[in-house]
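Next comes just one chain, in C-alpha cells: the form predicted on its own.
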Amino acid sequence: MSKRVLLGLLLACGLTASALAQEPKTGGVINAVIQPEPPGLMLAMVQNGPVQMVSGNIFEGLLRYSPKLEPQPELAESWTVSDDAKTYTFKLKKGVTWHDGKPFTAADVLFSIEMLKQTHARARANLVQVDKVEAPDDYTVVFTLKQPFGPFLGIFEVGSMPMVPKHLYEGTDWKTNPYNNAPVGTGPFMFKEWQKGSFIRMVKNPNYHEKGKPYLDEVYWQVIPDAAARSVAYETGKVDVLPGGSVENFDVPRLSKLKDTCVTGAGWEFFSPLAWLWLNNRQGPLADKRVRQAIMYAIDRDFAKDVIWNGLGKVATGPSASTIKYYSDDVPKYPYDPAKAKALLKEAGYKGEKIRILPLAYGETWQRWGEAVKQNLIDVGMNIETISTDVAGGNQKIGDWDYDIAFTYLYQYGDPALGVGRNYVSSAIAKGQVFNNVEGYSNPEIDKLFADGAVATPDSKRREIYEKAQKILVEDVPVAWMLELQFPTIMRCKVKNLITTGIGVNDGFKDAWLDK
C-alpha cells in the first residue's frame, strides 16, 4: 500500500502542466484543515508548523523559493552580490503596504532583523555571519557579512525571516502585543477572525502588491481536533484541502482514491522534516551518553515507519535528512537491539530512576508513536512516565527544559548551516525557546565544526567538515533521531496552483485558484 501511495505522490496530479497553463479564475472560498490549532499567529514569536502554515500567507519574507530552492523575488524585487561575496544589496519593491495601509520600507526590515535576533532562534543563528545591516534609503537594504557565507540567500523565506511592522511593535512588549493574535502583514491575505477551537479566517488583501492576486476571496482554516472527523470533513465536502500531516497516515490511501481528489508530495523541499526525541542532556540518567545510546538501540524505528506511519517515512541515520546537502550515512549505526540497550543501561549504572516522556500533541499518529516508544523503553527496563499536554503546554515545558524525553520534528532548510547546526551548537542553548539546542548538548569540537562548515570553501571542504560532524553527533546521541517524514497534501482537483514553491501550502494561497 505504501508504494502505491508514494507513486501517487510522485504523480503530483494537482500540478499538471495543463493546470498550470489554464487562465486563473477569481473568487471563491477554500476551506483547509489546520492541525493542530496554532498556539499563536505571530510568526516572529512562534514557529510551530501550523503557525508557519497559516501565517506564511499573512506575512512575507524578502524572498520566496522554488521547488529547486532557487531564490525568487517577494518583498525584495532584486538583489546583487559583491565580488568578494560579503555584501548583499536588496532593492525593495515599492508600493507595498501593511494590511493597515502603512507603507513597507527598509526601516521595517532593519527593525525585523533586530527583533528576530531576540525572538527567533533560527533567524538568530542564520544572522551570525552578518556584520552590519544598513538602509541607505527607504527601498534599499545592504547586508555586510563578516566573511563569505554560502547559504546566505537561503535565509529569507517567510518562516525563517518574516517581516514585522515596525510601527506596531516598536516600543511594545513583544510577547504581549495584541497583534500577536491578530497579525498585520504585507501578504496576500489579511487576518479577519479567529474563533478558538473552530476556525481561523483570512480574507483577500485588496491592496496586495502583486496585481490581480490573490485570486481567492477567503480562506478558512478549520480546526477539527478529532482525526476521524477531519477525514469525514473532507469526504463530505466541508473542507477542500488536507495539508500534509492533517489526517492520520492510515487514512491517506483511502482518501487519495476518492473521486475528484488530487494528491501531491510536493511543497516540502525547503523543509525536509526530520523527527527525533529531545533527550535532556543536563542531568539525571540521560546526562550519560550510554543511556542515550541505549535509547537508540531500544526503539524499533522500522516498526514506527511501517506500522505507525504507513510507510510514509524513512529511518533517520543522524542529524541530517538524506535530502539535504552534505548528508552522509557513514556514521555509527543503531539497529533495533534490546539486548544491547539493556547492556548499556547496566554499564551506565541505571537504577530505575523515573524518566518522563512528552509526546507531541499533533494527533493520533503521534500519540500511538508515543505509546510505542514508551513500551520499547519499558521493555529494556526503563521506568517511563508519560506527561500529557497540549501544543502550547508542550512548547512551554520544552522551552523551560522541564522534560526528560520529548517528541518533535524540525525542518532542515536545505543546508546544515541553516537547519542542522542550530540544534547542536552550544551558542544555541537559550532557555525559553523550543527549536534551538534545547537538549543542552555542548561539545567544543562540534561548535568549531559547524562554525567552520558554514563559511568553508570550496564545497568539498564543507562536505568533509559536515561528514565529520555527523559521525561525532551520532556517536554522542544528543537527541534520538527517528524518521525522515513524508507529508502528502490531499485536495479537490478543482483547487489549482496551491503548491508552487518549496514551502507549499505555507505560502501557496497567493497563487491558488478554484476551477469553478
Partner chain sequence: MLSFVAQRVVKGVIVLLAIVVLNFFLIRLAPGDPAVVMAGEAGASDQVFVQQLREKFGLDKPLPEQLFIYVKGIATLDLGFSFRQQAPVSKLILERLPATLLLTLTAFAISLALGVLFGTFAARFAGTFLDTAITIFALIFYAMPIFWVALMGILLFSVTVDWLPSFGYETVGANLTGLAHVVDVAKHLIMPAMTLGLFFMATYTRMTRASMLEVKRLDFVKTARAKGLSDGVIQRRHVLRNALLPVVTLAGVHAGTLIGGAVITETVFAWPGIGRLMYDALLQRDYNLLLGVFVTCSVMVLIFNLITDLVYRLVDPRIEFAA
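Residue numbers count along the first chain shown, from 1. Nothing here was measured: the structure is a model prediction, and the numbers come from that model. Take the two forms, find the largest set of C-alpha atoms that superpose within 1.5 Å, and that set is the rigid core.
What follows is about the form predicted in complex with its partner chain, which we do not show.
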- Message: Quick check on residue 124: any heavy atom within 4.5 Å of its partner chain in the model of the complex?
- Response: yes
- Message: Even though the partner isn't displayed, in the model of the complex is residue 199 close enough to its partner chain, meaning a heavy atom within 4.5 Å?
- Response: yes
- Task: Evaluate residue 469 for contact with its partner chain in the model of the complex, applying a 4.5 angstroms cut-off between non-hydrogen atoms, and reply yes or no.
- Result: no
- Using heavy atoms and a 4.5 Å limit, would one call residue 28 a contact residue for its partner chain in the model of the complex? no
- What is the one choice in 250, 326, 435, 139 with a heavy atom within 4.5 Å of its partner chain in the model of the complex? 435
- Would you kindly say which of 82, 396, 97, 172 lies with a heavy atom within 4.5 Å of its partner chain in the model of the complex? 396
- Which of these stretches, 127-135, 326-334, 216-224, 300-308, has heavy atoms within 4.5 Å of its partner chain in the model of the complex? 216-224
- Assess the spot marked by 48, 180 and 236: is its partner chain within 4.5 Å of a heavy atom from every one of these residues in the model of the complex? yes
- If we check its partner chain in the model of the complex, which of the residues in 459-480 reach within 4.5 angstroms of it by a non-hydrogen atom? none
- Rigid-core frame, C-alpha of residue 164, shift of 2 angstroms or more between this form and the one not shown: no
- Message: residue 394: after superposing the rigid core, is there a C-alpha shift of 2 Å or more between this form and the one not shown?
- Response: yes
- Just checking, between this form and the one not shown and with the core aligned, does residue 200 shift 2 Å or more at the CA? no
